[in-house]
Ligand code: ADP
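Okay, so here's just one chain, in structure tokens, the form predicted on its own.
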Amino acid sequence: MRATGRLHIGNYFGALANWLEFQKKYDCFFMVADYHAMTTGDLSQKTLAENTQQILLDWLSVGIDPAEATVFVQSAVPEHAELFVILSMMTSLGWLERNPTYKEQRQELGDKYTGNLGFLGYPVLQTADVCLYKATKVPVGEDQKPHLEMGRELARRFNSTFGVNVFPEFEAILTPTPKMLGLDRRKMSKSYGNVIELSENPDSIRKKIQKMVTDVRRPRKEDPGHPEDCNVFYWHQLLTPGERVKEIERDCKGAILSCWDNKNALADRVIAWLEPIQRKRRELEANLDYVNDVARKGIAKAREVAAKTMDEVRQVVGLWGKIDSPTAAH
């Protein structure tokens, strides 16, 4: 995940829910992508370190377990930048410029935030992130699928160029909810201002939900509702137990449940759902030494794996010498 600060409910359903299952079944590497965050942000703000810590707090508070998965920070593993440089040498400029995600974000964000080499080369750095750990499965959002397909082709190109299968084939894995709708029924995104953060306080949650647009085809309470068109009902389907969802759908269609009462019920549900996550976060905030230790141990493990891969890459490419391992004395 890019180091853009505190996470929101969309991040949970779009990624973290998947990660919690994956860490039980796979050897997982979960990376705070602070280099990637630099490709579109205002670098003068110097918020990357703080944003990184906020993400680590959110990950651990929802249940990411450092005993089961490797949790680390991208910039602390210099092999990411090294492999990015090598893979860039076999990446055509036209190929990157034809990336549909690149075109869309250029139009949406403008030249100020996307007119840099780092943004253009985002898929190459992402490929390095994956290939360093010889990953075979990559959990990504729907908007990252074009990047990942480019990465698959780039890994094949590397293997074909040097006649050695250094990097295995990898595939994308999407969650059942790859794009969660925000408060305004657009994709939930900080840039749209339509999010509820995992650490948001109850008063703020309630105020935001009370402003949500419901069923526009139901101007009065006595009119039958259309739950399929209501954003509040969409959120209930994600957060509310199934039997209660059926009751809400029935009462909405039968003009028994008002939109106002329905929004209050959703606010209660969101606050209750977030309570154990926020309680765990408060415990972690009181013990930041533990959080930092988790990151340090994860970085050490990631560097060990990444250094081994880069030794192999340097040998295959034909670069001179072997760089000291991260654990070597200086």
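Just so we're clear, the structure is a prediction, and the values are computed from it rather than from any experiment. Throughout, we count residues from 1 along the sequence that is shown.
Beyond what is shown, the protein has a form predicted together with the named molecule; the following relates to that form.
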Query raised in the report: Of these, 73-81, 86-94, 182-190, 220-228, which stretch puts a heavy atom within 4.5 angstroms of the named molecule in the predicted bound form?
Result: 182-190
Report task. Scan Thr214, Thr240, Asn99, Gln144 and let me know which has any heavy atom within 4.5 Å of the named molecule in the predicted bound form. Result -> Gln144
Query raised in the report: Does the named molecule come within 4.5 Å of any heavy atom of Ala155 in the predicted bound form?
Result: no
Query raised in the report: Looking at the partner-bound form in the predicted bound form, is Leu120 within 4.5 Å of the named molecule by any heavy atom?
Result: no
Query raised in the report: With the partner left out of view, is Val313 within 4.5 angstroms of the named molecule in the predicted bound form by any non-hydrogen atom?
Result: no
Query - Partner proximity in the predicted bound form: Met150 to the named molecule, non-hydrogen atom cutoff 4.5 Å - result: no
Query raised in the report: For 1-17: residues with a non-hydrogen atom within 4.5 angstroms of the named molecule in the predicted bound form?
Result: Met1, Arg2, Thr4, His8, Gly10, Asn11, Gly14, Ala15
